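What follows is one chain in structure tokens, specifically the form predicted on its own.
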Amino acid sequence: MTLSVIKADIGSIGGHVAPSQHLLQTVRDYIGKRAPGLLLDHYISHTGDDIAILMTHTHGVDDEQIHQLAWDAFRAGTDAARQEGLYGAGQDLLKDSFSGNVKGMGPAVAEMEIDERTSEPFLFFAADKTDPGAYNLPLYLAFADVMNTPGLILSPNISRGYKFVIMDVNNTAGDRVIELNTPEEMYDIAALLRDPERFVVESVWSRATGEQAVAVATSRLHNIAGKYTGKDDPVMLVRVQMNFPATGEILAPYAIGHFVGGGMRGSHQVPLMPVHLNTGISYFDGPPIVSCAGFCVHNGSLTEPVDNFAHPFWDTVRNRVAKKAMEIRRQGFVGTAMLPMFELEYTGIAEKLAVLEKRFVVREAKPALAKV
């Protein structure tokens, strides 16, 4: 069985806030009419202004029919968004026509082919106003750090560690990846993941069984468009329990509210806030948010989702993240409050700096005074 989630921003009410109910229903109706015979099941939701289509099927990853279905649904949704005059209609559809696979065309994709267990629980994460590297720290803590995941010493299979596949997302000529194993190469993994704008976890695999545990959407929109078109807003699938960390061990790192690239015009460092399913965007085009829907799947059929960040515990986290967001925003445009210059090269600041560069002059040194 294959789990696929494909996500795109195709229009929003009131700026980059949330899609309209008409837009959501258009995508739902399109998928619903064409799902029989192609999909086993599906679930459609939004996080911020991004609509995600979660699908179960038997066609494997990168299947043209599955990707075409999602692409056409987003195109139909884009037409509906334009009819309503929604902001950013079709924003993430960066190509004019489908070419067999939505990768490299704008939508974010996370897929994994699995042998379904007797009980197959998994988590579907969706983030808005941030980059794929936002998942780096939570994945490192959940799959490599015993301080976060006691299963690493309590469970024999989990104790054998995991293989991290890490992608250099700055390499546009092809998928440049490296495979590193825990626990032996934990420090090497940390050395790469500390730079989430360049190195991103693409997948995680059990060393005990060879099963895939994680699939992350790694596309960078500015690498496709050559300019800033919005943040990448990554989706992620994580299998849990038995040979994988428990649900609570996967969720725990999000209590940190760690700083990620995103926020207003995608150019700032802002803490990541765990939110309820189908939450919109507010403060400073953010803060960057992440939702988590928990499912079980049996013979391809999905249960209803559980909102994993709806528990009262996360209210305390949200309050603390809000304070962190306001505090760093007080620093405005200066220093670490904004992203490094490499990320800003895709925004209008690059043009401004190019003009200012021509106005710089080198002062002529004053002649030294003769000694008497």
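All residue numbers are counted from 1 along the displayed sequence. Only a predicted model underlies this, so the values are computations on that prediction, with no experimental measurement involved.
There is another form of the same protein, the form predicted in complex with ligand F6R; it is not shown, and what comes next is about it.
The candidate stretches are 242 to 250, 105 to 113, 262 to 270, 291 to 299, and the one lying within 4.5 Å of ligand F6R in the predicted complex by heavy atoms is 262 to 270. Put simply, Y346 is close to ligand F6R in the predicted complex: some heavy atom of it is within 4.5 Å.
Although the partner is absent from this view, Y87 contacts ligand F6R in the predicted complex, with a non-hydrogen atom inside 4.5 angstroms. Taking the partner from the other structure, ligand F6R in the predicted complex has a heavy atom within 4.5 Å of a heavy atom of D285. Counting a residue when any of its non-hydrogen atoms is within 4.5 Å of ligand F6R in the predicted complex, the one hit in 123 to 156 is K129.
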